[in-house]
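Shown next as structure tokens: one chain only, the form predicted alone.
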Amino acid sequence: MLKRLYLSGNEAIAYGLIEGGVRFLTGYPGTPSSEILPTAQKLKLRYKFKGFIDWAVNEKVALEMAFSASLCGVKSAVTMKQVGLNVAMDPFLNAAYVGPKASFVVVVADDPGPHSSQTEQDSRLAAYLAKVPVLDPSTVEEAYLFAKKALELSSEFEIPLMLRTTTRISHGKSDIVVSEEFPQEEFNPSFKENLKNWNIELQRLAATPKLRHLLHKRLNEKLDALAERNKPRFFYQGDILILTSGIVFSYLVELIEEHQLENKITLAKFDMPFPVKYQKFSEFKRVITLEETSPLLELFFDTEGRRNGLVPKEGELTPEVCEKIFSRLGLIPEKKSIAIPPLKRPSLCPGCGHRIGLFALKKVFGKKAIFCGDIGCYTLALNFGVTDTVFCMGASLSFATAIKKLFDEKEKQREVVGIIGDSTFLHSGIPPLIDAYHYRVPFLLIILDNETVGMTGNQKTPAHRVSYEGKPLNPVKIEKILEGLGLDFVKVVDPYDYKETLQVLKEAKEYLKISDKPCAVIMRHPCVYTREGLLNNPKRPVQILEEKCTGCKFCLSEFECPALYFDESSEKVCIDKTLCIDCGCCQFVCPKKAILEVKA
């Protein structure tokens, strides 16, 4: 039964994958990819088909799991954002050589801009490096259709397919027609039984380097066959040719029709920007490539674009940017730039347990310590002056280990703190901590445990006891991992208990003076942005005594809760009750004791 639904690009991809027969789907949450897997979970709950759909501990593990499922004859897919693909690059490259037995699709969401990432890298280049074909949808509807097309091509050529989306496709919305009659395919995983030629095919699953050379040759033959089939689609009839793919194509169509440039520009749209077959476009006056984010087609076809400065070398190619490029080409008059007002910097949510925990950390260790931060909500510790570095997931502990080791070798006592979230610790924080323990490096490890993957939309972590289907899981206790590694000082506190948190941090500080190993404080408080966290959050309403408030703004600058604001007329700090969740943590901040808890 066909149904018209209003879907985001990520939701559309989930529909396409499930409709195409994917029955093993995993990944690691990362904006802008995070909504794909939860949408697929909802479909599984609704239609009750067999299979596995859930998160993995990191992207490398996710890709390896999904690929191994394809070797068992089960259509599989894995989701991640572009920097997550960096984590999974080892198995990603290997999967292309080995080749799946059933369809295998790697969905990667790029973040041109970037809006919520460390880099604005182009995953199409990673696909080129790995020799993995890549589909690049231009609309939400194409995201749905290309998900199914990727599965078909992967099955036909026994090759991994990348479905590359971007922020504007992932989070854009459109009404599209979907089937919602998902095939109840026979769920019958097998291993040796599904191999066409047992000896040769099984050997390639554990291939020696010599056989890898032959597998590489076979991979190149597959790519050549795909490139022969991969033809661009042409639109309009002008003497300036623009090569494009992805969301930029949609922008260009709108601009060409808005400015009536149909007889001046020809658009060549590549649904699959790799692999492509080289061709000359000598019949055109100029050949230009507009694509996000790197010059992939531009390099293949040796056109104008980013390399000669016609196209900006960084940032999104938004409609406004594309319009400026048209102006440079003399196709339309130049528009005056519109002034963009400065944005308010992001802040932790009202009542967030991280805020009071970080405030206590600053209180005990001061600003002279070196604070190594990580990727997560708590990156906003920058606002509190307790984050000096932010690099990539897990790097807080690598940085803390190296920096502390350097200062100890110099015979200077310098306090070093590594700050990391619960999910990030399990994702990539354990290996650097092993080095810290092994090399006897005494720094303070702060694990901000809010029992969810907060920044990307509150996905589950390995600490959860029950799956989305209500099935029991084995919860992973971080403190047990730390104790098993050999750490002697491992304390768990609720940062809402400010006095205990201060006391434990002071004990940790003293411990580090005499220790030759890291010590750990786990600050555990459920995320208040989850239903469970908000329902179970203690209520400690406070009031501000006007006669005591001097308007010093210490609470605003050092605590930065969105529920606190400065009233210019009274020159006092006030509480916005529409934002306040009555956590009561601000009572510990005011140096004038002007914020007091209201006793029932």
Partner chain sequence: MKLVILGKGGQGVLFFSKILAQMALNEGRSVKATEIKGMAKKGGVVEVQMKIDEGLSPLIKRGEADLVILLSPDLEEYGKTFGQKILKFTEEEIKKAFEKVPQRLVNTYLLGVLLARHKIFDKKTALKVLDEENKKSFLKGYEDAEKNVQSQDGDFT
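Positions refer to the first chain, counted from 1. In this text, all values refer to a predicted model and were calculated from it rather than measured experimentally.
Unshown form predicted together with the partner chain; subsequent notes refer to it.
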*asked:* With the partner left out here, check for me: in the predicted bound form, does some heavy atom of Tyr498 sit within 4.5 Å of the partner chain?
replied: no
*asked:* Is Leu93 part of the interface with the partner chain in the predicted bound form - any heavy atom within 4.5 Å?
replied: no
_With a cut-off of 4.5 Å between heavy atoms, is Phe182 one of the residues that contacts the partner chain in the predicted bound form?_
no
*Looking at the partner-bound form in the predicted bound form, is His525 within 4.5 Å of the partner chain by any heavy atom?*
no
*Considering the partner chain in the predicted bound form, which of Glu221, Glu156, Glu283, Glu254 comes within 4.5 Å of it through any heavy atom?*
Glu254
*Which residue among Ala402, Leu215, Ala227, Cys349 has a heavy atom within 4.5 angstroms of the partner chain in the predicted bound form?*
Cys349
*Have a look at 465 to 473, 122 to 130, 170 to 178, 299 to 307 and name the one stretch with heavy atoms inside 4.5 Å of the partner chain in the predicted bound form.*
170 to 178
*Taking the partner chain as it sits in the predicted bound form, which residues of 360 to 386 have a non-hydrogen atom within 4.5 Å of it? Please list them.*
Gly376, Thr379, Leu380
